[in-house]
Ligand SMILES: CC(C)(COP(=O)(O)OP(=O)(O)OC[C@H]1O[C@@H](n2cnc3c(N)ncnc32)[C@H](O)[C@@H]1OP(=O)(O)O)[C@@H](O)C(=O)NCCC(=O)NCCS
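Shown below, as structure tokens, is a lone chain in the form predicted alone; questions about how it binds or moves come after it.
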Amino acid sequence: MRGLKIAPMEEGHLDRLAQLEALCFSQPWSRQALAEELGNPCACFFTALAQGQVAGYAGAHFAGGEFYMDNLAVFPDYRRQGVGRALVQALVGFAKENGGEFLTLEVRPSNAYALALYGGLGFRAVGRRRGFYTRPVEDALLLRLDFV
């Protein structure tokens, strides 16, 4: 997408990101929860900006070379334009630059678009978490991208 910029999440992004969370997830993170990540030394959150407007975000937590992607969300008007891919690539780059051994995440098996995105970036299924998601109840596929 032309004019797309990936930047570290900032205070000024939080209102729109909280709206995005409520739009995308049955158990959304609050604005306060997002704000707490700004000062977390074990967190990395990026915002996608399209012509200066918040288009989406992604975040991960890490410790000991292990990176865990918490969320990836993109506003509907910006989906299928490379925003999600750019955000995941930013997390992968950050993980590699900071000694990451792998990046892992959970995804609903019914989320075909997400599975295609992650598969195209080299993630592979390594497990299943039974009944992980609620509203509706669904298993989670555990995906992993190894760096070493």
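Predicted model only: the values in this text are computed from it and were never measured. In this text, residue numbers run from 1 along the sequence as written.
The discussion below concerns the form predicted together with the named molecule, not included here.
The named molecule is not drawn, but in the predicted complex it has no heavy atom within 4.5 Å of residue 53. Though the partner is left out of this view, residue 122 does not reach within 4.5 Å of the named molecule in the predicted complex, counting heavy atoms only. Contact check for residue 85: a heavy atom falls within 4.5 Å of the named molecule in the predicted complex. Though the partner is left out of this view, residue 96 does not reach within 4.5 Å of the named molecule in the predicted complex, counting heavy atoms only. Contact check at 4.5 Å (heavy atoms) against the named molecule in the predicted complex: all three of 72, 114 and 117 pass. Stretch-level contact check against the named molecule in the predicted complex with heavy atoms at 4.5 Å: of 104 to 112, 39 to 47, 59 to 67, 26 to 34, the positive one is 104 to 112.
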